[in-house]
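Considered here are two forms of the same protein chain, supplied as structure tokens in two stand-alone entries, structure 1 and structure 2.
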Structure 1
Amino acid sequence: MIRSIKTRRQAVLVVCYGVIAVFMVFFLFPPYWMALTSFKTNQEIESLKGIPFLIQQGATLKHYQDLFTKTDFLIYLKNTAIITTLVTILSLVISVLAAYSLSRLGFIGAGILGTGVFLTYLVPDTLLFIPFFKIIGWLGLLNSKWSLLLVFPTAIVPFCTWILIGYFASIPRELDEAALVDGANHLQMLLRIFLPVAVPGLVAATMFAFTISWAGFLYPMAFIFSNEEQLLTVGTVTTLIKGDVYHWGGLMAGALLACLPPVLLYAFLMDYYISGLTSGSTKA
């Protein structure tokens, strides 16, 4: 009896790992291909001979050198870093205050407003960028990276608010009440008790905000025309695709470097991220 349970458990494990392996290959192949191509020489990339899955003619760092010396990659990187940092901070401040008031202050219409906030997230940016273009134009912010400080949060704030409402709901109300009775005002309570306890939820929201802003493509593409203001995503692509000529090595090198910050962030915050997402979703 015991043995049969054990063998069944092993069978289940084998299936599980099998499925995981398939997914690993599926998801890790693109980054692998990216890395591979970025280290290949141009000759090897364009060559139809040999095995494409391996580097056979010697690795090179030339694409990386070119990226830093012959393109505005560093400017794009700087712009992206500035915008992403500011967007993340701005979005989080707004989301935290919105989520706190929607989940805790219990004013009339809070429920409807909460649903409304989420619904706005469902409007795709491919629809929104046209009216946004007009608004940005009126504000005189076309071709300025600062326009993104206004448009990115429109997509980020609703979703972050929603994640945070869910997470905040899992924090017992008595905790805020204890702080209020203990002598804190609402702001002190929020900063010293509530937010420290809500860290997993905040991490989840931060990761989301960071990723959306870092990977944003459509808005910078639509609103920014000059290299000095451009972001990493659009900048890399417009610089390294000239007409119908694709500089694959450079493109892949740029893409790989662009991936690094989010990957590092995820790696460090993974545990928090998962607990933030799950506790938020079950209690919402």
Structure 2
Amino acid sequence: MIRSIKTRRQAVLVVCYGVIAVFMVFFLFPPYWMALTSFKTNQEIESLKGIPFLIQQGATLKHYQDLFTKTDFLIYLKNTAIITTLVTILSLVISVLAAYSLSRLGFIGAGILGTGVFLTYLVPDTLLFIPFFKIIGWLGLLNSKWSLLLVFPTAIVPFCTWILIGYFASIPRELDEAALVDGANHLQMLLRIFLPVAVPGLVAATMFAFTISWAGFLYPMAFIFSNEEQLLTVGTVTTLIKGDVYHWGGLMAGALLACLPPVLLYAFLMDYYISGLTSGSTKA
């Protein structure tokens, strides 16, 4: 009996490890293919001979060199870094103030308003970019990267607010009362009590805001037309795809470099991100 139980446990473990291995191969194959293609020569990329999963004609850095010397990749990178940083900061400031108001001030309709804020996140960008195009044109910000400071937060603030509402709502109200007795105002309570406790939620919101603004594609494509103002996602594609000619080596090199910052961010802060999402979904 004991042996049969042990045998079953071993079989279950083998199956679990096998499933995990399959999923790892499935999810790691795209970045592996990107890296592989970026180091191949154009002749090997276009060749139908040999094994496509290996580099057989020698690795090359030509695609990376061309990316930095023959394209505006560095300009795209600089614009993306500026916009991502500013959008993340702006979105977090708005989200923190909104979450604190909805979770702690207790005004009439706060719950309904909080639900409505989150529901706005579900509206797809494909329905919004035409009205936004009209507004951006009216403001005179077409073909300017600064227009993204207005449109990116519309996709970021609702979700970040929802995450932070869950954290702020979990803080005991006795702390509010004690702070009010000591003469603290709401701003002091927010800065000295709520933000230090809600660090995992803030990290999760920051990672979400960073990812959305860094990887945004539709709005830069619709609102920006010149290379000097373009962002990384759209600039790399429009530069390395000419008609029906795809420069696959350069595209893969650009995509690999572009995905490194989010990958590194998630690699170091994944625990906080999961904690923030879990708390936001259960306590909001």
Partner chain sequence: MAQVVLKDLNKKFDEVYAVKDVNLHIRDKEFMVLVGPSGCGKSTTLRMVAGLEEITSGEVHIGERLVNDLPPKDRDIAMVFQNYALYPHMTVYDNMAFGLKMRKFPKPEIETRVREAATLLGIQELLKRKPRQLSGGQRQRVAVGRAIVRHPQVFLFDEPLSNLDAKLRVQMRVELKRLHDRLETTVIYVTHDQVEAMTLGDRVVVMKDGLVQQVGEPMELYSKPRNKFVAGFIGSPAMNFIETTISDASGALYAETAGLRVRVPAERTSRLAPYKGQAVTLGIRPEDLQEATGGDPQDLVFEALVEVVEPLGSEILLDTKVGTQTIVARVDPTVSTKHHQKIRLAFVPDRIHFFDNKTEQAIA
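Because the structure is predicted, anything quoted here is derived from the model rather than measured. Structure 1 provides the reference sequence; residues are numbered from 1 along it. Take the two forms, superpose them, and find the largest set of C-alpha atoms that agree within 1.5 Å; that set is the rigid core.
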TODO: Look at both copies of the chain and name the one that is the form predicted on its own.
DONE: 2
Task: L141 C-alpha relocation of at least 2 Å between structures 1 and 2, rigid core basis - done: no
Open item on the list: I want to check N185: does it shift between structures 1 and 2 by 2 Å or more at the Cα, with the core superposed?
Closed with: yes
